[in-house]
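Here you get one chain, nothing else, as structure tokens; it is the form predicted on its own.
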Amino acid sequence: MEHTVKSYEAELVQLDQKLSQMGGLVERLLGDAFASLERRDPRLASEAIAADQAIDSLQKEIEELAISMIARRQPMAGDLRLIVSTLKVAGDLERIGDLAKNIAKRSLAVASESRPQSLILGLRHMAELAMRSLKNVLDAYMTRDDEKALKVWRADTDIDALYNSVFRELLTYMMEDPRNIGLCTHLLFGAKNIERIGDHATNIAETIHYMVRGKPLVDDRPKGDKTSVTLIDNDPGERN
């Protein structure tokens, strides 16, 4: 709906534009972070790590604009859901940026180590699924497409299934040869980061449903992660 106060309408458009810009930066960061891991490219990894600052800055701009709009405009109903949803999506995008940055840090740690190409194949498939989910859920947000968002929500089990497979494969490599433990541990953390990126895309899909429908999803979230290793679930470098 258009608003009679044009400045209010302009602020809502600006909110969408900032979120779109933030989403584009996160997509690029995720792509570069995984590419640096796959290619063992320290330069690209360093660039990806530095790029996270712009994402953090945009999140702060979105928060400031949204809080200002709530205070000055006192939005109701759909407008309020839109502004609150934008805040939530921005938060998930910031976390995805942190997780992608951590993948780039892992790539720096293993850049000089040789590894069988087969070790990275499962992670590549995971990254491709995560990047597709992120793109689709951002498209769904901008077009207010609830059905497209729900497809992303349902697809999270595919990422989880791949994570379980990669987890088992890397553990096998570590048991076969203890010299693989350092490399495989970094790759396990990288795989867990990708799996969590899928979770945040799912969060965004749920937010879109609430924004469009005005009610939360009542179905249980699809989840296929069968691993239960505390070390992998609590990466100490994830928020740095």
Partner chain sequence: MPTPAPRPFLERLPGSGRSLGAIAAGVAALAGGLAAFGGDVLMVVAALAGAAAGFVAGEIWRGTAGPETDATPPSPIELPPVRAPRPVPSRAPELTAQSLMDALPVPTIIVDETFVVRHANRPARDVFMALREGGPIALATRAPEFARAIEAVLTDGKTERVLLHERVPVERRLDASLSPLEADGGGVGAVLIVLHDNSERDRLAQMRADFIAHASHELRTPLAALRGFIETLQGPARNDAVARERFLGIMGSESQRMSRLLDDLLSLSRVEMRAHLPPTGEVEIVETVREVIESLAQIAKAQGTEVTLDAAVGNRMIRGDHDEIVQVFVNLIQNAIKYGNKGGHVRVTVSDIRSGASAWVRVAVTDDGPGIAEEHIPRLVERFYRVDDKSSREKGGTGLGLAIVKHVVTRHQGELRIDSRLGVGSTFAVEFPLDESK
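Note that the structure is a prediction, hence the values are computed from the model and not measured. Positions refer to the first chain, counted from 1.
Another form exists, predicted together with the partner chain; not displayed. Remarks below refer to it.
Colleague: Has each of 17, 143 and 161 got a heavy atom lying within 4.5 angstroms of the partner chain in the predicted bound form?
Modeller: Checking in the predicted bound form: 17, 143 and 161 are all within 4.5 Å of the partner chain.
Colleague: Please identify the residue among 73, 81, 135, 88 with any heavy atom within 4.5 Å of the partner chain in the predicted bound form.
Modeller: Spelling it out, the residue with a heavy atom inside the cut-off is 135.
Colleague: Considering the partner chain in the predicted bound form, find the one stretch among 187-195, 23-31, 202-210, 59-67 with heavy atoms no farther than 4.5 Å from it.
Modeller: Every other range fails; the passing one is 23-31.
Colleague: Could you confirm whether residue 131 comes within 4.5 Å of the partner chain in the predicted bound form, counting heavy atoms only?
Modeller: Looking in the predicted bound form, residue contacts with the partner chain include residue 131, since a heavy atom lies within 4.5 Å.
Colleague: With a 4.5 Å heavy atom cut-off, would you call residue 99 a contact of the partner chain in the predicted bound form?
Modeller: Although the partner chain is absent here, residue 99 would stay clear of it in the predicted bound form, with no heavy atoms inside 4.5 Å.
Colleague: Within a 4.5 Å heavy atom cut-off, is residue 152 in contact with the partner chain in the predicted bound form?
Modeller: Residue 152 lies outside the contact set for the partner chain.
Colleague: Against the partner chain in the predicted bound form, would residue 12 count as a contact residue? Criterion: heavy atoms within 4.5 Å.
Modeller: Result yes; residue 12 sits at the interface with the partner chain in the predicted bound form.
Colleague: Can you tell me which residues in 94-133 come within 4.5 angstroms of the partner chain in the predicted bound form, by heavy atoms?
Modeller: Contacting residues: 118, 121, 122, 125, 128, 131, 132.
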